[in-house]
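Take a look at this one chain, the form predicted on its own, written out in structure tokens.
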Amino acid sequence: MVERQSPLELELRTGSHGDFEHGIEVILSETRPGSILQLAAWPGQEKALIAGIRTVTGLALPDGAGAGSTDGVRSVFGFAPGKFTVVDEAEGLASAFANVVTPDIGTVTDLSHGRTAIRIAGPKAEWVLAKFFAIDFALPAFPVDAGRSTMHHDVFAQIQRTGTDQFDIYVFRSFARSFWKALCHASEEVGYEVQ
């Protein structure tokens, strides 16, 4: 495994922070997956791409933007028509797709070097994220496994709900440090822990 230096290295201060006198309401961490890919289908090839995703990952992906699936090791979600983010704890996922997603079906782009994965979890995770993004984070509107693509002050973010009170956020590495600082600041009033 090639170890990439985290852009958050200087900012990750483990422990409890903010107003945690009455408990910790949010847990923040960097997940550091081995593979982060973007897959895109050519028009009319969406179902073939979804089938290819299932072949490689074993995840059954419902058709449609925003739909997703996760098993704790691998995750996938649609973020636009015919476009999907696929994440794996292991490296080398792009090569696994090489023979499955052929040039007549679509494209595979390895974004592992260019994205940082941040996890926010806890009973106030929705509340903290709502400070940043004009998205309804309530479970009925944003169910477990679903994903969204959005922005906060020109910081592009892809968000997948990976648990009832847990979200994984993928941001450009070049914006990761400033986004992390803002996320920590927004979590101060509910008390947060960095793991």
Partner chain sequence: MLITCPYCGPRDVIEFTYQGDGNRERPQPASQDLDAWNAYVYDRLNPAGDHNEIWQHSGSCRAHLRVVRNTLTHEISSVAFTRGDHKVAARHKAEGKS
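Numbering follows the first chain given and starts at 1. Please read these numbers as outputs of a predicted model, since none were measured by experiment.
What comes next is about the form predicted together with its partner chain, which is not displayed.
Across the proposed site, Pro43, Ala65 and Thr150 without exception bring a heavy atom within 4.5 Å of its partner chain in the model of the complex. Though its partner chain is absent from this view, in the model of the complex it lies within 4.5 Å of a heavy atom of just one residue from Pro123, Gly92, Pro81, Gly114, which is Pro81. Heavy atoms of Ile135 reach within 4.5 Å of its partner chain in the model of the complex, making it an interface residue. Annotated contact segment (heavy atom within 4.5 Å of its partner chain in the model of the complex): 150-158, selected among 150-158, 25-33, 163-171, 51-59.
Along 163-195, no residue reaches a heavy atom to within 4.5 Å of its partner chain in the model of the complex.
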